[in-house]
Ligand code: TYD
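Here we start with a single chain on its own, the form predicted on its own, put down as structure tokens.
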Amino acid sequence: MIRKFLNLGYQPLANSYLHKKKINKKEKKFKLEIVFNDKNFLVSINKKIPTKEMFNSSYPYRSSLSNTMMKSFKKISNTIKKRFNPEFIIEIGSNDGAFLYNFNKKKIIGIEPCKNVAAVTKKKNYKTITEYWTKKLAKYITKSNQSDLIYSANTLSHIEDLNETFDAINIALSKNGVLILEGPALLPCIKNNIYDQFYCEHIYVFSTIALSKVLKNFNLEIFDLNILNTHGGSARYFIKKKDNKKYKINKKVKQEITKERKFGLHKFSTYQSFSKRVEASKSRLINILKKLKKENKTIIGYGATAKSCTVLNYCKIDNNLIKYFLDTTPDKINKYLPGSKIKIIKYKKLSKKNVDIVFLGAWNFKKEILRKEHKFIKEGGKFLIHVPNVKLI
């Protein structure tokens, strides 16, 4: 049974940044409700948005603009080379090539339906196919040779049709091949009140118990995993076909499932409790911002992320409270955040002379950002964060 537990209100498409000439036009919005499936323990958004509305030739996200993500991709690439030594790799959701570039271009193919970001890798002569991952595409790519490693980071959560996805993976993956999936993990999300992990693109946020049940339907199983700090808490799953005897199941898999069950990720009551904490977080964030505004503090935002879009629209925060957002992504500069219509300007070093408080939209890169802005903090500037608790730091 599908059960609703969190209503984040009407939300625009999180990455549909607005041009100035469209600022007064009515935006398309969707009711963002989060649901729990008590049969397979999947947590997802209730109303799925058509894929082509979200992933197109104006998609703004760039993996390579984050030092944290570049280091993470470099590290896993080295692990892959040493542990698996693959001859032919497929990356599903290759974005602007942050993972691809760690490998010999003759040994790897990227799948990236967003033409603007795929063009970046093509310029560097990496083979990138600008299509969605399907059974038809899997057959075409591997008609003469199956892949011995398929990698996908922060992409599976965006794909509504899991049947098509995993059927295609089974077609493309060799008998002893390895599938590596990584993305935001549900346990830290629920534990740390990370409600902005949910937006139109994030159809699913997976737990190990839910993913295990899904994989079982496709004769696949998790044999190892890593818990990561990226994106506020992620999981990297190493997956094989069940008849693949080359890899034994690591005890870490059972330990993680035990941890998730102990926390209650298989119980609806856990999500009801989460919903109440989210509502309390919303009230506290609004109250703090209004108090700071009354004190004539200059408040700006840092990181015009898809996550921040959820927070701003759920909490009904606009440019009356936050003056503007700083960002480094070229496709976002001089545009406006959807819904809240707060202007995004090109990143420049923070200075206490013209900014008092910075709302951290890109909180998942907090360590990297605080190191970068140490001078601002030393001058007395403060950051406002909302996870795990709303507070000034």
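Throughout, we count residues from 1 along the sequence that is shown. The structure displayed is predicted, hence computed values, not measured ones.
Below, we refer to the form predicted in complex with the ligand, which is not included among the displayed structures.
If you check the ligand in the model of the complex, you find a heavy atom from every one of A304, D327 and K332 within 4.5 Å. When contacts are judged by a 4.5 Å heavy atom cut-off, A362 counts as touching the ligand in the model of the complex. Contact annotation for K240: none of its heavy atoms lies within 4.5 Å of the ligand in the model of the complex. For the chain shown alone, K372 is a contact residue for the ligand in the model of the complex, at least one non-hydrogen atom being within 4.5 angstroms. In the model of the complex, the ligand sits within 4.5 Å of a heavy atom of Y199. Only one of 34-42, 363-371, 335-343, 349-357 lies within 4.5 Å of the ligand in the model of the complex by heavy atoms, and it is 363-371.
With contact defined as any non-hydrogen atom lying within 4.5 angstroms of the ligand in the model of the complex, H231 is the only contacting residue in 217-243.
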